[in-house]
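Before any questions on how it binds or moves, here is one chain, the form predicted alone, in structure tokens.
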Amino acid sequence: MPTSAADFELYRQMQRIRRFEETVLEAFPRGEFYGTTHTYVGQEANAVGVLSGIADGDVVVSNHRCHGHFLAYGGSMDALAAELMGRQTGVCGGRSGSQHIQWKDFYANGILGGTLPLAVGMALSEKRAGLGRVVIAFLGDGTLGEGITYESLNMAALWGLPVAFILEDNRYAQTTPLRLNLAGEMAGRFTAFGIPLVEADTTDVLEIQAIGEKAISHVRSGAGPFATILHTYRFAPHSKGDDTRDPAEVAHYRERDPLPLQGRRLDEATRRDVEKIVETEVEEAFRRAAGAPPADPSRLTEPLSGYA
């Protein structure tokens, strides 16, 4: 059966994130990047599935694991690679590094839990503007240990704000497994504030796409906040090297890899073509970034220009 355009595009987007992140991990030990990084390998279906349902003007608030969200939002791979390398052609002119990216209506911040009050404030602004725009806020399971999370959920529910909370449970808070850091049920964190939710243990981008559409439709209708809990797994370390997990556990979850699952919906020739195209795109993005001029510290306070 011929490959549908929708299946093609979903696989292409996930493959772009996967190869970008794998390249980052391969290159980091060579000293090509500044600071640290937290990759999205294994969680690609979440960003691609959820963000396929956003509209122009919707706000996306991300966290320290933001590369996948940024690429799924439509950000430039060239500019992201350049930002990680501290180049003038980066998303933020080489000033933000891996975790603090801003472009159009996309905002990422590396402070755990600190993203949620930002998202709630933006949602309040959007509600007052009355233009039907919504906020999508990604958070990880480790964020549930931060008090600011519950202050934010309380205000979002109390004020009926148009914010969709997307909780990506990758089963670890840095290197601490969920069973050692979380009491009770995740869903209860949201239902305690009267926030409706959908919870799913899936890596199928089509299932996640449908769930994301429901969440975004709910908040866009004016019905208040909505939460989505997506149980997932990251295949790579928390950051660039701190992995204490049992390799057998990682291998077990790799059997649920979202890329092969979606790849089987493409005919073999098309799938190979996508992978070849993406491989070239990633190689060229990092090559161009490496050749761009470094950021100039003396120009830190100047407005950004160049990347649009």
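Sequential numbering from 1, following the sequence displayed. Model, not experiment: these values are computed from the prediction.
From this point on, the text means the form predicted together with a small molecule, which you will not see here.
Comment: 63-71 is the region of 274-282, 63-71, 27-35, 46-54 lying near the small molecule in the model of the complex, near meaning a non-hydrogen atom within 4.5 Å. Taking the partner from elsewhere, His238 is found to have a heavy atom lying within 4.5 Å of the small molecule in the model of the complex.
Contact annotation: Gly142 falls within 4.5 Å of the small molecule in the model of the complex, judged by heavy atom distances.
Using a 4.5 Å cutoff between non-hydrogen atoms, Ser98 does not count as a contact of the small molecule in the model of the complex. The shortest heavy atom separation between Thr228 and the small molecule in the model of the complex exceeds 4.5 Å. Checked against the small molecule in the model of the complex, the residues Ile111, Leu180, Ala129, Leu158 give one hit for a heavy atom within 4.5 Å, which is Ile111. Only one of the listed residues (Ser217, Gln174, Gln209, Asn154) places a non-hydrogen atom within 4.5 angstroms of the small molecule in the model of the complex, and that residue is Gln174.
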